[in-house]
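Form predicted on its own, single chain, as structure tokens, below.
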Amino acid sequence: MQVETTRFGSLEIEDDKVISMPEGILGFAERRFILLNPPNLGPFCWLQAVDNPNLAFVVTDVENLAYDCSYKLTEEECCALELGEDGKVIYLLIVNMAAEPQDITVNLRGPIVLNPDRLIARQLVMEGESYPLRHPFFQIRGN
């Protein structure tokens, strides 16, 4: 399939690489995305909407954080993600980029959880001060 993007132009993407987000991302109508991993972007990649060239989010795997962060899925969320016995998931955090690296933050309150085997994802909405909207990405472990 051909995917038009404003950042990378027209891309040929295999159909089996498309991530389905039946409930979308809070505030957006798009339901199909792809992950783009351009060179020199370090721990970040792009979550690009398939049906809207203008909509893309910089994201990072929660494993890239220097901060211990964990999420627990409900049974309903596990069913929605069609998780198998191993329940393997990837948590992606939306990144707020900044000119200065120390100002880059991640949204811990609205992680996107992805079943990499089925390519089904959904955004979780966490409550509480443990999950700030703007957590420093480069925070030193233990701070």
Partner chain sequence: MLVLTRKNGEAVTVGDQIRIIVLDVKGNQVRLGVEAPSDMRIYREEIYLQVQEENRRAAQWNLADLENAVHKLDSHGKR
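Given the structure is predicted, the values throughout are model-derived calculations rather than measurements. C-alpha atoms forming the largest set that superposes within 1.5 Å between two forms make up the rigid core. Residue numbers count along the first chain shown, from 1.
One more form of this protein exists, namely the form predicted together with its partner chain; it is left out here, but the text below deals with it.
In the model of the complex, residue 67 stays away from its partner chain, with no heavy atom inside 4.5 Å.
Taking non-hydrogen atoms only, residue 114 never approaches its partner chain to within 4.5 angstroms in the model of the complex. Using a 4.5 angstroms threshold between heavy atoms, residue 123 counts as touching its partner chain in the model of the complex. Contact between residue 104 and its partner chain in the model of the complex is found at the 4.5 Å heavy atom cutoff. Shown without its partner, this chain lists 56, 90, 35, 83 as candidates; in the model of the complex, only 56 has a non-hydrogen atom within 4.5 angstroms of its partner chain. Taking its partner chain as it sits in the model of the complex, the stretch 11 to 26 comes within 4.5 angstroms of it through a non-hydrogen atom at 25, 26.
Once both forms are overlaid on the rigid core, the distance between the two CA positions of residue 42 between this form and the one not shown is under 2 angstroms. With the core held fixed between this form and the one not shown, residue 116 has its Cα displaced by under 2 Å.
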